[in-house]
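Single chain ahead, by itself, as structure tokens, in the form predicted alone.
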């Protein structure tokens, strides 16, 4: 496979996953805003920070409020991490390597591209939740087409590798939203407002039912962290994403014989997570742990690019 084809497949996986993440990030901020004693602009600032877009947003000179942040994260074509930018880049990459993916995968992205202008108009007109739900549906449709129709070969492995690395990054950033949201004065960690924030976070990743199945207990912040970091049963957990990335690198190694720094980095991350329990994470500081994980995950992404000559 040509390096440019591998690169396009890898970045299609990442862009689709990023669009889905930003949609969920906006949804989480909307849910935080509805909570009693919500912090308003602080909640929206946390959403921008978690998207890694703070510098770009601040440079625009806009006020940090609901309308401006939604426009920046969802609709701004000059923001490379906005939903519309990610969807546009995914479709452009799909056109460039049209013969490397199935008709069903391409049509999912192409139909989304054709419908995007109308959906954006509706989102800007106040139907932002409908726009978010539509983006999440597109992401699920593409993933379904990918798993049901793609051959089990390099094309699928690169798509899934990109998706797994991006999903790990996104889960860490979404979990970090909670720690960018300062509790209102008079509220305590573990109090009603704190628990409401954690519930909103679980709902944004469709994990409320999963939490109840695994823990069968009232909502506890450290168990939410355990679910989203260490539980491999949870598809969006950091452990599950790292395992997926390592497995895809293993498939590529088996098919092409290429191995290198990316394989070593993925195995290192697997080993580190396997040694942890949630008490270790909480004691060391959840925010600090997530920052370190994000740095490791970025190193994995760079190693993949170097190893496969992107």
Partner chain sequence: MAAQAFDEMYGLTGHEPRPSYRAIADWLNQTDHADLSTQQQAAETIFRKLGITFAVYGDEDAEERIIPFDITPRVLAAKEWSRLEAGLIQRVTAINAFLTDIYGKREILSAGILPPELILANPQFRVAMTTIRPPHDIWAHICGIDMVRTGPDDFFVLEDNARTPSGVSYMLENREAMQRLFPDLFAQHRVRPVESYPDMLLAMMRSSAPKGAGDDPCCAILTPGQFNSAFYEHSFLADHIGVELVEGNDLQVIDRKLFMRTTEGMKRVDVLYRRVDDDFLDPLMFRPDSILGVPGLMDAYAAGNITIVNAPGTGIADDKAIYSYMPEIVRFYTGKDAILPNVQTFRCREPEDLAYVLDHLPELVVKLVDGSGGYGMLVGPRSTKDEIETFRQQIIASPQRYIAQPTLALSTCPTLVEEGIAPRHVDLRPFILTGSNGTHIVPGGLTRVALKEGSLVVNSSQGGGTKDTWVLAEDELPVDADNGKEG
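Positions refer to the first chain, counted from 1. The structure displayed is predicted, hence computed values, not measured ones.
Absent from the display: the form predicted together with the partner chain. The rest refers to it.
No residue of the trio 142, 147 and 247 has any heavy atom within 4.5 Å of the partner chain in the predicted bound form. The closest non-hydrogen atom of residue 96 lies within 4.5 Å of the partner chain in the predicted bound form. Within this chain, residue 114 lines the site of the partner chain in the predicted bound form, having a heavy atom no more than 4.5 Å away. Contact check for residue 158: a heavy atom falls within 4.5 Å of the partner chain in the predicted bound form. The partner chain is not drawn, but in the predicted bound form it has a heavy atom within 4.5 Å of residue 257.
Note on the partner interface in the predicted bound form: the residue among 106, 211, 134, 75 having a heavy atom within 4.5 angstroms of the partner chain is 106. Only one of the listed residues (195, 206, 153, 110) places a non-hydrogen atom within 4.5 angstroms of the partner chain in the predicted bound form, and that residue is 110. Just one listed stretch, out of 281-289, 257-265, 23-31, 55-63, contacts the partner chain in the predicted bound form at the 4.5 Å heavy atom level, and that stretch is 257-265. Of the residues in 285-310, those that come within 4.5 Å of the partner chain in the predicted bound form through at least one heavy atom are, in sequence order, 308, 309.
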